[in-house]
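Presented as structure tokens, the chain that follows is alone, the form predicted alone.
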Amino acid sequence: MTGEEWISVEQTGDNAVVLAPSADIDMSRSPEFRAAIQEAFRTRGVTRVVIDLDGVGYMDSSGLATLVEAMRTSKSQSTPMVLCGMNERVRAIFEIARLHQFFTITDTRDAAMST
């Protein structure tokens, strides 16, 4: 998909695409993150996009904006998107911005795959 080594991309047997970034998502990384998410939604036959944030220690407003854009894509394409694996620091950013009310967020990847 993107070939970026800090973003793992996996397509599951049920045509879900799982993106797992393994670095802080800030202004310098958001464009690559956005491109990877867009590519996931363009995957033929995709049934859901899961973004596993377990490897993300910090996310700034550009990362949040990237995920808000992805949520809009999710809704416009009727392809569910689920976030999972947030640490307390990242979850707090979502809660401060009150974005946790608009995203589907699970604790684990397994839960995200069955939501």
Partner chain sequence: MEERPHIRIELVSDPIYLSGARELVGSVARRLGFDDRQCSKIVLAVDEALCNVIRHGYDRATDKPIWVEIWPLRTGGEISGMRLRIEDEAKQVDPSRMRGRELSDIKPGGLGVHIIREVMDEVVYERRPERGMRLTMLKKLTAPGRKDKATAAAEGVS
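Fair warning: this is a prediction, and the values are worked out from it, not measured in the lab. Numbering follows the first chain given and starts at 1.
The same protein also has a form predicted in complex with its partner chain, omitted here; what follows describes it.
- Among residues of the shown chain, L64 is one whose heavy atoms approach its partner chain to within 4.5 Å in the model of the complex.
- Heavy atoms of T43 never reach within 4.5 Å of its partner chain in the model of the complex, leaving it off the interface.
- Shown alone here, S28 lies within 4.5 Å of its partner chain in the model of the complex, counting heavy atoms only.
- Its partner chain is not drawn, but in the model of the complex it has no heavy atom within 4.5 Å of D107.
- Each of D24, M59 and R89 comes within 4.5 Å of its partner chain in the model of the complex, counting any heavy atom.
- Residues E95, I96, A97, R98, L99, H100, F102 of 94-115 are found to place at least one heavy atom within 4.5 Å of its partner chain in the model of the complex.
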